[in-house]
Structures are given as structure tokens and as C-alpha cells.
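Only one chain is included here, represented as C-alpha cells and corresponding to the form predicted alone.
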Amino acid sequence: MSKLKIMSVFGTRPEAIKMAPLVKELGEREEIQSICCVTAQHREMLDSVLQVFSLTPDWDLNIMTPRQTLSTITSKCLLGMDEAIETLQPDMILVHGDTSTTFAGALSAFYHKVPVGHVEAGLRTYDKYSPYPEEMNRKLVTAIADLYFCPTENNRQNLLREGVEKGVFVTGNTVIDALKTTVQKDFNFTTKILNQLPYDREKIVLVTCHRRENYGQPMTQIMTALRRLAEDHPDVELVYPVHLSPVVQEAARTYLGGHPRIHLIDPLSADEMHNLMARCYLVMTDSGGLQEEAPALGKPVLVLRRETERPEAVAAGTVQLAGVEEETIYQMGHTLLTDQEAYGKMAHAVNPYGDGFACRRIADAILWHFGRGERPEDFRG
């Protein structure tokens, strides 16, 4: 019996972190030929993850251009995927999450009548413009996909409410699998300042802020609140790996630059980010992935958004929704920096996102789909 050709398609740093352990798991199965196809929607940040996980793509679309738009990303992905699919002839294409690469990869697979597996399926905010364009991307992929790999039971319930019943699996989140590889007690950072931070004496606050829906006034309010927290708490140091977006770079320099305890640094590799997260005191972020990673490391998270498609962590108590208003963000940050009881409740809450075996369940589910194995048991958080 010939091997199944399973092609994993991704193009951004967050996708790569979550797909890398899956690509490797698939490659270890005798029944599967694991094919890695990258779009390079984010070139530099993608490459750093590939290096960390020692992954060499079998196909690289290399689509990134300066100041690219959603339309150029999607169209270049579609055109590039035509040649990749026709050449490699995959039996199934896996896409992850909710990026423009995800949507274009799934749509291209549909055009070629190749089955689609959606990793991290079933996340919803029910506001098509927040997060933008992610919410619509994932809903469109749901309409195309054949297999759905949901991180949590809540994600499965979202799909059931939309009438999706077949091919749905609860697997846990693959990012927990990735953390098992990257976090190390004796890790040495290549970013010099990170080796010099007083982790045992000061409260290190890890910050990320980059989402499109936060451009403009929301980002101004977020960063103003962050600066106030640094100014009012002498035992706090903020570390902000600044996204490469020119909009984000300009805002960070304007509102956070020049403060001795605010460190604006270049984007970090996946292993550096994970190890910084493991050593920090608190995470303040508008990222999706960090809402899953930080709780697995016992770190409270304040989400700098109006809503989250990851309500499980809010329900579990590991994450709080801080919104984008300056005073609310400041007060919630102040509470966690000064109230040990409030901090402890979040730090010791149970992480609902997985046990580190999501990739194994996904590989088993793919084999089951093709009649080559047993259906895996669902993850129960």
C-alpha cells in the first residue's frame, strides 16, 4: 500500500510554531509521506521558526512583498498553490487556524478537489471584523474542510451549532506539543538584554501588540496604559518584541520609547519567546497563541482585545479580557502587579488547551479517515 501524501501548508510565525511538531509527527508515521509547503507570508519570522524546529520546506512559495495587502497575499497564495498541488499530488492538505495563507490554502485545495484538514478548527468570536481578517478566514475554511481538529470541546460545540458534525475531533492544541521541545531551564538567549534581566528581583512583563483591529486609537490607548504601568511600578520591566509592521514600529517608538525599564526589542525566535514567557511574571498581549502558551507555563494573561475566540482560558481563570481602553488596562495590570492573591488565582489555574499529544491524535485521525487505523480518543481537558 502506497504512502499517504499529507501536505501541511503554513506561512506565518504562529502557524509555523503550531504546525512544526505536527509535520514532524506525520514524518514519523510509516504510512505517511509528510510534505511541508510554506507560503512565507511572513518571511523572516517564519524562517526563524523553521530553524528552531530544524524543518526544511519541500515547497516554498516565497510570496512576501513590502507593505503587502490581504488581496496580494491571497492571490499570490492561490497562484503558487496551483503549481505545488499539481506537482506534489497530495492526498490531503492541512491548513492551520485563520490566516490569509490558511484561507487561500484551503480554497486552492478545494479547487483541485483535494481533501482539507483544518488544524485549530472551531474558534469563533462571531464578529466578522474582529479579529480581522481571521474570523472570516476560519469560518470560510470551515465550509471547505473535511476534517476538523478542535483544540477544545468548546470549539467542537461551535461547529455543532453551525451544523458541522462529521470528521470532528477534539485533539488539544499543538502549541502545547511545541512547548515540550522549546522550553529549557538552562536556556541561553541570543538577544543580549534577555540574559541580563533581573528575573529573580523584578517583575518582568512580556508584551505583544500587533493586531490590525488595534491600529490607531486602540493601540494608542494600550501603549499609554503600558507606559503608565512602567512609570508607576519601579519593580516592573516591560519587554516588548515589536512586530515588523511599520504601523506597530512607529507606535511603539512614539509611546514606549525612551523609558529605561521598557525594552523594545526585535521579534524573537520561537524558542526565545517561549523561554522568556517561562521566566516572566505576567503576559499582556493581543496575540492568539500566547493565550494558549502562557497558561501552560503558569503565567497570567491580560488580553488586549475587546473579545477572544479562546473563552476556555477565561472560564478556567488563566486569562482575563482587558479590552483596549487605557484606564481598564492600567487598573487590571496594577491589580496583578500588587495583589498576590489575585495573581495566584490566575497563575495556578488549570490550562485547558492540551496535554502535549495533540499531534499524535491528529495523525491518528488522518489515518482513520483513510481507513488505516482506529479513531483516536478525544482530548478531555
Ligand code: UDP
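Given the structure is predicted, the values throughout are model-derived calculations rather than measurements. Heads up: residue numbers just count along the shown sequence, starting at 1.
The next section is about a form of this same protein that is not shown, the form predicted in complex with ligand UDP.
Candidate from 299, 156, 124, 243 lying within 4.5 Å of ligand UDP in the predicted bound form - any heavy atom: The residue from 299, 156, 124, 243 that makes the contact is 243.
Residue among 107, 168, 204, 268 with a heavy atom within 4.5 Å of ligand UDP in the predicted bound form: Looking at the other structure, the residue within range turns out to be 268.
Contact test in the predicted bound form: residue 287 vs ligand UDP, heavy atoms, 4.5 Å: Heavy-atom contact with ligand UDP at 4.5 Å: present for residue 287.
Contact test in the predicted bound form: residue 227 vs ligand UDP, heavy atoms, 4.5 Å: Although ligand UDP is absent here, residue 227 would stay clear of it in the predicted bound form, with no heavy atoms inside 4.5 Å.
Ligand UDP contact at residue 17 in the predicted bound form, heavy atom, 4.5 Å: Residue-level check for residue 17: yes, a contact with ligand UDP.
Touches ligand UDP in the predicted bound form: residue 211 (any heavy atom, 4.5 Å): Residue 211 belongs to the contact set for ligand UDP.
Which of 82-90, 274-282, 218-226, 141-149 lines the interface with ligand UDP in the predicted bound form (heavy atom within 4.5 Å): Going by heavy atoms within 4.5 Å, the stretch is 274-282.
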